[in-house]
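Next up: a single chain in C-alpha cells, the form predicted on its own.
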C-alpha cells in the first residue's frame, strides 16, 4: 500500500471569469521511504502539487489518500490536524519567527500538539537541533544565524512532531552551493533513517539526491 495515492488530482484557480488549470489529472503513488524529486520549469505546477500533497490547499477534483484515508475533502481544521501529525514542511524562505530563538522556533509546532508534554518537547527539540549540528546555537535568533543554519532550524522544526513525510519546496534556493549541499546531505540521512522525502526543485544537482524523479509541464506529470 502506498503512503500517498493521488488519482486524477486537478486544481483550477478562478480569476474573475478566467479559469487557470494549475494541475491536470495527476496520478502519483509515493511509498513509505521514498525520496522523490518533483521537477519542472517555473509555472509548471510543482508548488501547486506540493501544496496539495501538504494539505495546504484543496483539489478542485480527484482523490488524495494518505495512509489509505481519503483526505481531499477534509475540513480546514481536520487538514491542520493531519499536517501537524504527519507532514513536516521545509520552505525556501525558512519562515522562522525573528523574535524566537532557534529552540523556540523548533518547539513552536508542539504548541498545537497537546499529546506531547512541554518538558518532553523541549528535550526532543534540543536533540533534533543537535542532530542537525546546531547544539551550540540553540539560543541564537534567526538574524544571528547564517542562511544554512536557518534552514537547519527549519528542518529541525519540520521533524519535531515526528512526521512520516517531509515536504521541501526549493529548500536550497536561498543558499550558496556549499550550504545547499549540506542541507541535501541532511535530507539524505533522514531518508536513509526511514523518512519519506519529497523535494520540489529545478536544479539537476539537487534532484540527483532523490531516488525517483517526476517532471511537470503545463500542469501535467510527463
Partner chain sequence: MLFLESIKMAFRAIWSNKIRSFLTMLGVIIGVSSVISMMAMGQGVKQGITDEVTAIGSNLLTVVSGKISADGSGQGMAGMAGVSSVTWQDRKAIEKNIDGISNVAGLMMVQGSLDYEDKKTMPTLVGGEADLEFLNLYNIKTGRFLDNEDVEDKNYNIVIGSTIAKELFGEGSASVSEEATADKKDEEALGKKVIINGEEFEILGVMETESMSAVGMDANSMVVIPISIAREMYDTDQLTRILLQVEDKDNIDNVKQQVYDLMLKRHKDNEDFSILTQEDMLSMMDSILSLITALLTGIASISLLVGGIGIMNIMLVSVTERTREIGVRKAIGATNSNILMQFLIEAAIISLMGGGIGIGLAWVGGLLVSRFTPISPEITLFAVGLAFGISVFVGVVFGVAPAIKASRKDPIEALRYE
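All values reported here derive from a predicted model rather than from experimental measurement. Positions refer to the first chain, counted from 1.
The same protein has a further form, the form predicted in complex with its partner chain, not shown here; the description that follows concerns it.
Novice: Counting only non-hydrogen atoms, which stretch in 48 to 56, 171 to 179, 23 to 31, 66 to 74 is within 4.5 Å of its partner chain in the predicted bound form?
Specialist: In the other structure, the partner sits against 48 to 56.
Novice: 126, 186 and 195 - do all three of these have some heavy atom no more than 4.5 Å from its partner chain in the predicted bound form?
Specialist: Zero of three within 4.5 Å in the predicted bound form.
Novice: Can any non-hydrogen atom of residue 144 be found within 4.5 angstroms of its partner chain in the predicted bound form?
Specialist: The answer is no: residue 144 has no heavy atom within 4.5 Å of its partner chain.
Novice: Is there any non-hydrogen atom of residue 138 lying within 4.5 Å of its partner chain in the predicted bound form?
Specialist: No - in the predicted bound form, heavy atoms of residue 138 and its partner chain never come within 4.5 Å of each other.
Novice: Going by a heavy atom distance of 4.5 Å, is residue 110 a contact of its partner chain in the predicted bound form?
Specialist: Yes, residue 110 sits close enough to its partner chain in the predicted bound form that at least one of its heavy atoms falls within 4.5 Å.
Novice: Is residue 83 close enough to touch its partner chain in the predicted bound form, meaning at least one heavy atom pair within 4.5 Å?
Specialist: Taking the distances in the predicted bound form, the answer for residue 83 is yes, it comes within 4.5 Å of its partner chain.
Novice: Check each residue of 92 to 127 against its partner chain in the predicted bound form and list those with a heavy atom within 4.5 Å, in sequence order.
Specialist: Residues within 4.5 Å: 93, 95, 97, 99, 100, 108, 109, 110, 111, 112, 118.
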